[in-house]
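For reference, the chain that follows is the form predicted alone, supplied as structure tokens.
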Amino acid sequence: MPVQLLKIIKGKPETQLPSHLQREELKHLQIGLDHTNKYFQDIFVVAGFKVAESPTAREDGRHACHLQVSEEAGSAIYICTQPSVTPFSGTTSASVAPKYVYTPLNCLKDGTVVNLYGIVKFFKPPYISKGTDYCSVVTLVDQSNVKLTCTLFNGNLDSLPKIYKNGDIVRFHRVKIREYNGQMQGITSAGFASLTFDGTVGAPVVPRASSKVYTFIDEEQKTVEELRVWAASNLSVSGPEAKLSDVKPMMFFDLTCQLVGKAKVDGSSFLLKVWDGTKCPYPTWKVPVETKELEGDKVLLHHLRNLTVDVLVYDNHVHLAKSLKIGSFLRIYSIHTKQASAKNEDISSHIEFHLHGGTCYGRGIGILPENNPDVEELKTFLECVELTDSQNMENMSSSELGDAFDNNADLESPLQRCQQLSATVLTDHQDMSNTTLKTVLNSRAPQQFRIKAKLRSFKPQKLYQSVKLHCSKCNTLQEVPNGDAFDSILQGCEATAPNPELQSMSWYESVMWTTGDENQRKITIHFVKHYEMLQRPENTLLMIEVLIWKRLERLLLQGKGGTLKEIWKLTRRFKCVIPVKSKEDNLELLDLSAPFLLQGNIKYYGCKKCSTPKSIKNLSSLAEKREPSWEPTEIAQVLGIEPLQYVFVMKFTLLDGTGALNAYLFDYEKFFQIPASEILTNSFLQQKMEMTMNTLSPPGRKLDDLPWLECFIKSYNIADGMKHQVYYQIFDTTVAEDVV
């Protein structure tokens, strides 16, 4: 195909095109039509590209170089819909808009960086993470009915999506996709940006942008409107919104309101005085604060004293609450109303308003802009509210003014009155009632109990040390081999050269080569076949034998070197890798102190006491299956290996005011909802576990500030010589899904 340069001068081609060609608009091009005598003219701009040699230049006659673009590199293509008609030497004025590709949620792939649209099904308002960044969690859905949960971080609060309620529609650019437990998750990547739209059908399509510069074309407006219509017919995304006039005790609801006063209460709680123009049907608890601590117009606060409610916010919400401006409009998510724990009958019908710590169920505070439709509606309503008490307070004495806010000073402190929700969830035995720790300690073992307590401390403090290897058959525990241990394990392996007679048997095909490095290592790989055919890499089990095993062991643990790199490359590309060695007339597993199987980043070990290793040939029986899964448990079974399981082992010190006891956590993946087998190789999961423990037992906090843990424990006897000692173990309990 010939390539010619066509110069455009003053909007016209310098060289005339053949007369038989007719111009066609790009938007009118259709698949299946004959475009032999058609041409279209357009201008596009390519940004963020690499120049590479064209591998087919000689064959197809095209230019010797081509441009490489990719979403991961941040490449973009801009279409000039109105080409400039001025000479190039002057200033051009073209309408340039980037052309982005948006990926449906059912087409996401691990490791890619994508642009996407979605409807907000659940979200957590931005909160300060463990570091200095703000974090927001958003669960999206689209017409494919696939859900995607995104965890977004940014040091600038304004750079996170401006989401105000479930049902909003978002556009995310440059979201990185990760796969975890078979589900896709999104995280921020370099250049992340977002637009948010009201999800109400018929509402103006006005973007709320996370950056000052963005593009939004007519085609995308159509996308937003289509998502609105689909959501209205297929999703129930309305939040638990309520007005103050609708509240009852033991409710959780979202409140749109105006802030008229605020005050510091103590180190872990803060007071917000808010109103929405309606009157709560119950007498409300007025938080006792000193007059000097209360910010806000005292006259207005007195006028509104029968319409405002005191919302006490805790822990991670305090920082944001302190920064709120009086008069701003808020949406407070998941407020909890509860009956006052009164000391006398006079206030038994009072209710309290609490925003508990943590982000469970989307708890948080959102600041709404003046042009928000809900704010505009609220402002109109507030202007129509008639205040029944318009008493002029200008002549009131300071002592009388103080009495207006200090008249509840004899009540309990806010922390004493706040009974936080449990940070754990019970997964069974719902019929059991709570038992105090004192009763548990005084009861004979073995028994099962349901308790509610606080986690004063836990061990080990270095959480990675909690991961052990457990044999379910002999019930022994052992440490996961570290670098030094692994090195000593394999030093005794004999360095035997690959046996040529063991190459390419009926059930596997072998490849052998010598590396080009200074060690001249001989590497042999045996690919297990299925029906005498090799499978796709992601379905393949292979066995690898290396001549210099001592170097292999050392490199496996040090995390560097040629052999290790080769092995981990194989584990990323192939489903399973089994290290083997040549031994006379057969391939054999290594000593069971070494892993018998590598899959992804996980090393699988066998119990030396309970295993009876069988011939490697037994793997052929799995290869003969119709669809071999190559699951670790199946491989272990045919090889006569009793597999060791990764398990969390921790000691919790629990208190409930009546006593204290040590309870052991022995869990594979249920309590933290994190597989113990993946924690040592996944930094993301390590951070998640650390954040979870900091939530359950916040460092430096007083006992009253700690969250409640509701859990099941069982007591059992252990014989130690002539003595019998009682131990306690947590079971059938999991950390609440959104506790962090």
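Since the model is a prediction, treat every value here as computed from it, not as a measurement. Heads up: residue numbers just count along the shown sequence, starting at 1.
Below, we refer to the form predicted together with the DNA, which is not included among the displayed structures.
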**Report entry** 529, 264, 147, 298 - the one with a heavy atom within 4.5 Å of the DNA in the model of the complex
**Finding:** 147
Query raised in the report: What is the one choice in 268, 435, 593, 200 with a heavy atom within 4.5 Å of the DNA in the model of the complex?
Result: 268
Query raised in the report: in the model of the complex, which of 311-319, 575-583, 466-474, 617-625 comes within 4.5 Å of the DNA (heavy atoms)?
Result: 311-319
Query raised in the report: Hey, in the model of the complex, does residue 450 get a heavy atom within 4.5 angstroms of the DNA?
Result: no
Requested in this report: Examine residue 279 and determine whether its closest non-hydrogen atom to the DNA in the model of the complex is within 4.5 angstroms.
Outcome: no
Query raised in the report: Do residue 225 and the DNA share at least one heavy atom pair within 4.5 Å in the model of the complex?
Result: no
Requested in this report: Answer yes if any heavy atom of residue 334 is within 4.5 Å of a heavy atom of the DNA in the model of the complex; otherwise answer no.
Outcome: yes
Requested in this report: May I ask you to list the residues of 245-262 that have any heavy atom within 4.5 angstroms of the DNA in the model of the complex, in sequence order?
Outcome: 250, 252
